[in-house]
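Single chain ahead, by itself, as structure tokens, in the form predicted alone.
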Amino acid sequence: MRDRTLKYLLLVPAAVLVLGTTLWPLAVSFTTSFRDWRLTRSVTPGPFIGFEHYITAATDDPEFLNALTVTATFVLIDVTLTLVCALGLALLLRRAGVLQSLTRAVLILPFAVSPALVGISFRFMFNAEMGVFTWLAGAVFPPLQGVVWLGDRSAALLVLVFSDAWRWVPYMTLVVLGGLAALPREPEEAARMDGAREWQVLRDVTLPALLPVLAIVGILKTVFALKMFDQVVTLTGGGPGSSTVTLAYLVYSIAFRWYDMGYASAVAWILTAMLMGLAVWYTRLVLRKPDA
């Protein structure tokens, strides 16, 4: 058998796996989004109704608009906080040393924790009566004493942001560290010789050179933030009220609580379209030529 034929045969198992676990479910959910299908009425898909589900989501569903607002707010705060913290930690760990090397090795540990476990842990730590973070926040900032973090609409969303940032900041720090290691030191040294202060070197030399890496980190973090689901389930349950209901959690609620599979598929595809747009942007940024 020729090597040219063998390489395609070796790809068949992977292609079948991708087709069966990704492409086929996507195709089925896409066609379902154009049908009226409630499991409380029938176990088989109903008639085609065109774009009715999409129109309902955009014009006549306050739950969807609320989830869209919550998701946008969460993504904005989460991505900004993660990028700022990751950049700051990367700059601190940039210098060589035993402590810095040990810290780099430990940084990957939070990312190894499952998102569901992170949510459960933060739920205990922000418990109103015995949570360690609740006590610590009240001790450091007295006005925060007695705050029921998971019972307040704004505070609950912030706790959700903190839990996600705690998990992702270490990983993104390592990515930014890799970007810093690839930067040439000569421009920074030349700027210092010309009398520039450290913050001026950072602002005028380091950050502009690091922008492509920060853009990639930002896009990746946005993709993961848009898919926020596990911690919503285990940490807030979408509450209080619907203040932490993200789009991914709304899809779950529509499908497995209200049993409206057609509408759930439509909302899922709206979220998928956002993710596809970011994926295309990410691909173009990564594959862009240096002189482009």
Partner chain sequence: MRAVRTALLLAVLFLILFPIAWMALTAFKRPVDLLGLSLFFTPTLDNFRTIFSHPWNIGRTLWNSTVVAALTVLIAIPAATLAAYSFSRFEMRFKTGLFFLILATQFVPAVVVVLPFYLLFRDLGLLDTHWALVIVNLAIVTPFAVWMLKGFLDAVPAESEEAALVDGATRLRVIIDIVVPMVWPGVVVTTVFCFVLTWNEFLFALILTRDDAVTLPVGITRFRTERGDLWELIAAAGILISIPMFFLSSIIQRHFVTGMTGGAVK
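Rigid core here is just the name for the largest C-alpha set that superposes within 1.5 Å across the two forms. Values in this document were obtained by computation on a predicted structure and should not be read as measured data. Residue numbers count along the first chain shown, from 1.
Just so it is clear, the following notes concern the form predicted in complex with its partner chain, a form of the same protein that is not shown.
Though its partner chain is absent from this view, in the model of the complex it lies within 4.5 Å of a heavy atom of just one residue from Gly138, Gly131, Pro187, Gly218, which is Gly131. Shown without its partner, this chain lists Leu211, Val84, Ala72, Ala112 as candidates; in the model of the complex, only Ala112 has a non-hydrogen atom within 4.5 angstroms of its partner chain. With the partner left out here, its partner chain still marks one of 64 to 72, 238 to 246, 50 to 58, 224 to 232 in the model of the complex; by a 4.5 Å heavy atom cut-off that stretch is 224 to 232.
Site residues Leu144, Ala196 and Thr206 are none of them in contact with its partner chain in the model of the complex, judged by any heavy atom within 4.5 Å.
Its partner chain in the model of the complex comes within 4.5 Å of no heavy atom belonging to Ala155.
Not displayed here, its partner chain is kept clear of Val148 by more than 4.5 Å at the level of heavy atoms in the model of the complex. Remark: Phe34 does not count among the residues lining its partner chain in the model of the complex, judged by a heavy atom distance of 4.5 Å or less.
Taking the partner from the other structure, its partner chain in the model of the complex has no heavy atom within 4.5 Å of any heavy atom of Leu76.
For the stretch 59 to 93, the set of residues having any non-hydrogen atom within 4.5 angstroms of its partner chain in the model of the complex comprises Leu89, Leu92, Leu93, in sequence order. For Met276, a C-alpha deviation below 2 angstroms is recorded between the shown form and the other one after rigid-core alignment.
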